[in-house]
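Take a look at this one chain, the form predicted on its own, written out in structure tokens.
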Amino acid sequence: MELDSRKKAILYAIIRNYQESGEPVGSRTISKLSELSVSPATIRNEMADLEEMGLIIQPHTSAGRIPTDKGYRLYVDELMKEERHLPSAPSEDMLLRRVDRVEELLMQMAKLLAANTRYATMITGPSYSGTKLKYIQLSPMDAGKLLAVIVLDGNIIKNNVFDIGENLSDEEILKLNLLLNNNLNGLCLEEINLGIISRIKEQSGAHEDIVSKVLDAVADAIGTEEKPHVYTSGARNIFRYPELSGGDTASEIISTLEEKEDLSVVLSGPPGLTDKHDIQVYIGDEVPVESMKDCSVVTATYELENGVQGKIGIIGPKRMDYEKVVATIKDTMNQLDTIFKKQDGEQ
């Protein structure tokens, strides 16, 4: 939909004022803006045209106007299309500590995003199906048991304990670690063929049974597609916004955040969006979960390394500050890039 510059300026002014106040915006409020040198009467005529276009509505007689989903959609599409240099979120508010486990980092990130944006947040754990093996670490345990730590791209860790019925010497464990890592490091499941497996088993000598158990565990770790865990934070922020806190709306949204079953549907997004710079905005009825039809949801794909990806989502009212949310998500993804590049360089 094409709007002339004045109609667009008035629509954007209504959206920005409504974002801040949550109250319908009248023509007198708009006429006071320095960049609009037009009378309230002219603004009322333009607002009538915008209302006829379905971009704003008058919630009740004698009230000002508020944006419709269609009006927000035009605003957001222009925002994303312009590719402006959006202001970065303050780094002191969004500093992520280095942590050894991805799960701790994601929980920390969900809390920081909720605190910074004052909306509810949701983050999926990374999807590692089909990713590559980083390394294997075998370690002895008591009573004839062996611990195999399998580390995948993205620092995804899988621990397995095997009952091997014997105690291996440090030298034997070292040789098995070297054998497995020299042959398997950097490979995905499809690259671990019968030739490689046969060679490892042949070189393992009397420990072929142990190697077979470890290879089975590696296959399970790399090839099993698990449903990603969803981390949430900031559910109470919903009560900050009167349009979401009344009636059953807030309880339904919070219930969805707590139960988490439908959140993966919200975060999955349209097919084919895998680039970590894809940011999607869903407004009102576009949100694929019934309890969130009064909300807007902004999602993005983060990438740890080598295709190991997950999703970030921010949930708020339709009048959310889209510019700040998009800037905050971009800033967070850049910090994740820095953290994981640093960790990879230190390993």
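Throughout, rigid core stands for the largest set of C-alpha atoms superposing within 1.5 Å between the two forms. All residue numbers refer to positions in the sequence shown, first residue = 1. In this text the structure is predicted, and so the values were computed from the model without any measurement.
What comes next is about the form predicted in complex with a further copy of the same chain, which is not displayed.
Student: Work out which of N159, S169, S268, N185 lies within 4.5 Å of a further copy of the same chain in the model of the complex, going by heavy atoms.
Tutor: That would be N159.
Student: May I ask you to choose, among E259, E78, E190, E202, the residue with a heavy atom within 4.5 Å of a further copy of the same chain in the model of the complex?
Tutor: Flagged contact: E259.
Student: In the model of the complex, which of 193 to 201, 69 to 77, 207 to 215, 244 to 252 comes within 4.5 Å of a further copy of the same chain (heavy atoms)?
Tutor: Residues of 244 to 252 come within 4.5 Å of the partner.
Student: If we define contact as a non-hydrogen atom of the residue within 4.5 angstroms of the partner, is R236 a contact of a further copy of the same chain in the model of the complex?
Tutor: Output for R236 is yes: heavy atoms within 4.5 Å of a further copy of the same chain.
Student: Using the partner position in the model of the complex, report whether V149 sits within 4.5 Å of a further copy of the same chain, counting heavy atoms only.
Tutor: Contact with a further copy of the same chain, yes.
Student: Can you tell me if R118 lies within 4.5 angstroms of a further copy of the same chain in the model of the complex, counting non-hydrogen atoms only?
Tutor: R118: no, not in contact with a further copy of the same chain in the model of the complex.
Student: If we define contact as a non-hydrogen atom of the residue within 4.5 angstroms of the partner, is K111 a contact of a further copy of the same chain in the model of the complex?
Tutor: Taking the distances in the model of the complex, the answer for K111 is yes, it comes within 4.5 Å of a further copy of the same chain.
Student: Taking the rigid core as the reference frame, is the Cα of A235 displaced by 2 Å or more between the shown form and the other one?
Tutor: Shift at A235: below 2 Å after core fit.
Student: Hey, does L244 budge by 2 Å or more at the Cα between the shown form and the other one once the core is superposed?
Tutor: No, shifts by less than 2 Å.
Student: Tell me whether A148 is among the residues that move between the shown form and the other one (Cα shift of 2 angstroms or more, core superposed).
Tutor: Indeed, A148 is displaced by 2 Å or more.
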